[in-house]
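One chain is shown next in structure tokens, namely the form predicted on its own.
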């Protein structure tokens, strides 16, 4: 992304002097002034103090309509009353951490298995990154193989196993169109580990089968989201996931679906159920914690029984399945995420997608829009929806950044803080929220085509 300051920055700077002061102080304590790199953006991040429903407020007392929703973790809505009550009761009457198994975790597990048949058994973790790390470890133990295949541009957590070719910054680093390169996204990643992670294109079966043939009997698993996110929202093409399932079976590798973002967002339960394809292992996160730290990995019983103490695949964690998170997650899944709620979220997401497309066309701006469930993305400068990260990468990132800052200056957080993120509609968004986002975007789009 360019370091130059776009014209939309001036109003942003005028509105957020308090955030600038906090940023300057925080930068003396935290690298970049933040505790997760995705929270940082230029000229400085906004520091929030509270949220309710579809809104958040910053240190300058500015109010924002929030379409980031903590990157899909808060789609029940900020301070949803049903979840607040569950947390209050747990804290006041039972406690937050008891150092032992609790009925709350069992109740949530039973509810998840009822809704997602692929979860024959599961284990809770604290983050989606932990869940995918353990899923890969389990797959390697089951198959007695070391290599895995993941998709270019896909993010599955910040561990060495999968932080490979997440966001290659230049075409020259990406490798060939036929077979993408395995590029570590972080310094400190051992080269030997990076070589064990093979990279393919999403929606490209030829690329995936080439790797399966070339490394036959060496690959433990294919790891993918059923709908790729963190490259914008990229849905699978017709038949793609079913063929991926066939290839996994033919070559004797496990199919792992990462549904940390898509689960209970892109679909009423797990997104893979939209396509009639069942994975061997699945990871969940974000929504299932109801805004508290909670994630899970699970799948076929015969595989999960390889986990300690029954098997020899290690899984530990003091905070795993803590009763506070389990109580919040159970309230979220059972009291907030009803079929009617999902239907309404999807309808508002469709309205937002159509509205953005219409105001872009009216302004003479070329954009591609993708949308599944309560999620969606806009790709500036593309005339058709991308099939994979490399196509998405061609989008106009400078124009996205202008839209991002311009929307913030109008009191709307349109997205997560990068071009490759997406919007989320929550259970507490309204039609008015969506209409305001469309109207504000239209004003900016007309400015873009004039200047």
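What you see is a predicted model; the values in this text were computed from it and never measured. Positions refer to the first chain, counted from 1.
Note that the form predicted together with a small molecule isn't included here; everything after this is about it.
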{"property": "Listed range touching the small molecule, judged in the predicted complex by heavy atoms within 4.5 Å, from 206 to 214, 256 to 264, 168 to 176, 335 to 343", "result": "256 to 264"}
{"property": "Check all three, 127, 157 and 230, heavy atom within 4.5 Å of the small molecule in the predicted complex", "result": "yes"}
{"property": "Any non-hydrogen atom of residue 286 within 4.5 angstroms of the small molecule in the predicted complex", "result": "yes"}
{"property": "Touches the small molecule in the predicted complex: residue 152 (any heavy atom, 4.5 Å)", "result": "no"}
